[in-house]
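Shown next as structure tokens: one chain only, the form predicted alone.
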Amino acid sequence: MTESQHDVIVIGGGPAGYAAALYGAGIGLNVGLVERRVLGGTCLNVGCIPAKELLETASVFRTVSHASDFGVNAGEPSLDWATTMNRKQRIIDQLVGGLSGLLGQRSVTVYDGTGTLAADRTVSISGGESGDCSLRADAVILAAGSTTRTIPGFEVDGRLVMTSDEVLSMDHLPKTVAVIGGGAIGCEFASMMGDLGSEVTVLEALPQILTGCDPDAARVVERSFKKRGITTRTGVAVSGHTPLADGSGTVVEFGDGESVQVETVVVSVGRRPFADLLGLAGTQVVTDDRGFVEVDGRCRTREPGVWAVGDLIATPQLAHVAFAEGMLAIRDILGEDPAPLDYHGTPWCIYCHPEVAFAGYTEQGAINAGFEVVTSKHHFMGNGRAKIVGETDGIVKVIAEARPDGTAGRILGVHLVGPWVTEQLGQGYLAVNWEATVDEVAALIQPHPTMSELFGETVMSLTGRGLHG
């Protein structure tokens, strides 16, 4: 067994891990990165990137379907699923190649294999092309990521029952689909498949799809789904499914004796931390009853010299949060005394159609936190650019703290649903995190005609001097 020494060893090559590796190596640390599968982790290979590529395919299909509204006679579109999947894989391969090249440029040593942590920051590697190795470091960062959650009675076989992993590499688009779980991932899959021609039913146990979003935003998505033939059922739990004798599909049982017959079931009930292969014997690293590694505000575990970041810890399971945590750990390793991350102001983006993006409190969340609030809501229906594009479903909602005199002060939350809002959240995100007031933001000049000016209009109305309502 070969032995090597590094300043920092990172176990896991997803967003949290490769961000830590690149950031640390860029500062001059000697970094070793262990990855047992493919660089880029869930996000790049079976998450953010392939999902958004398929959603973009759905967007193009939807645009061509309505081209005649613009006087462009393109005819009835048809879908070549094989081409779609080949394009998706080509994008993934290019990004993985770029990441590999960047790690090489920064002299990060990449080990192929499964890394396990033992006492004294010793990492053993096995089962990969790098052979059996023993590594030592002054600091170790655990970034093993997450894996899909499943539910009893729905064993994943990749044909009748799939998770996100299987959906993103399926060989054909099913005619009928039941999506179990109406969260961000479930709604993205429902939106994509519905727009491409599948008959989709979303089954959500909670009272609202997109739990965590402001209810006003969730209602816009649900109404849009209904107009496009996507059925959403909330407040219903699934109890099982019965495969058809001819193998052509299955019958999903849910609610109070209800059922739906579909070709495919997509289980989309979240992801769990994947600490399964980390070993951890002889260390003080602790996992909680949900499997998350316990850390403090700077991502330190209870084992001296060991940090945990990304989906492995109980923070928002978002790639951009993972990036920030990876860099935070490196700064802490360097002794820079970094401030803990403020997760309250995290930007959230959901890429279904219409898109959803938000930061800060929901209206009810602000009230629950003890704030007196003032809100304003404007619709994309009145926005010139949205009308030009032909995408007018959606709203901008801003929640502000009420001053003692009842006027609006600090911006507490910004919630967008509509066309391209994942690209419009920036100014709302900054307003929330810089604790800007409505007067400060309203004084800024907004570009016209843009969709983003609707945010400025909504904030301006909170000053009592809006232009259009």
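What you are looking at is a predicted structure, and each value in this text was computed from that prediction instead of being measured. A residue's number is simply how far along the shown sequence it sits, counting from 1.
Keep in mind the form predicted in complex with a small molecule is missing from the figure; the text below concerns it.
K.L.:
So which stretch, 258-266, 173-181, 324-332, 96-104, is the one near the small molecule in the predicted complex (non-hydrogen atoms, 4.5 Å)?
P.N.:
After filtering at 4.5 Å, what remains is 173-181.
K.L.:
May I ask you to choose, among 196, 341, 251, 236, the residue with a heavy atom within 4.5 Å of the small molecule in the predicted complex?
P.N.:
Of the candidates 196, 341, 251, 236, 236 is the one lying within 4.5 Å of the small molecule in the predicted complex.
K.L.:
Within 4.5 Å of the small molecule in the predicted complex, heavy atoms considered, which of 167, 137, 350, 386?
P.N.:
Going through each option in turn, the one that passes is 350.
K.L.:
Looking at the partner-bound form in the predicted complex, is residue 206 within 4.5 Å of the small molecule by any heavy atom?
P.N.:
Close contact exists here: in the predicted complex, residue 206 approaches the small molecule to within 4.5 Å, heavy atoms only.
K.L.:
Do residue 301 and the small molecule share at least one heavy atom pair within 4.5 Å in the predicted complex?
P.N.:
Heavy-atom contact with the small molecule at 4.5 Å: absent for residue 301.
K.L.:
Look up in the predicted complex whether residue 116 has a non-hydrogen atom within 4.5 angstroms of the small molecule, and give yes or no.
P.N.:
No, no contact at 4.5 Å.
K.L.:
How about residue 374: is it within 4.5 Å of the small molecule in the predicted complex, going by heavy atoms?
P.N.:
So residue 374 does not count as contacting the small molecule.
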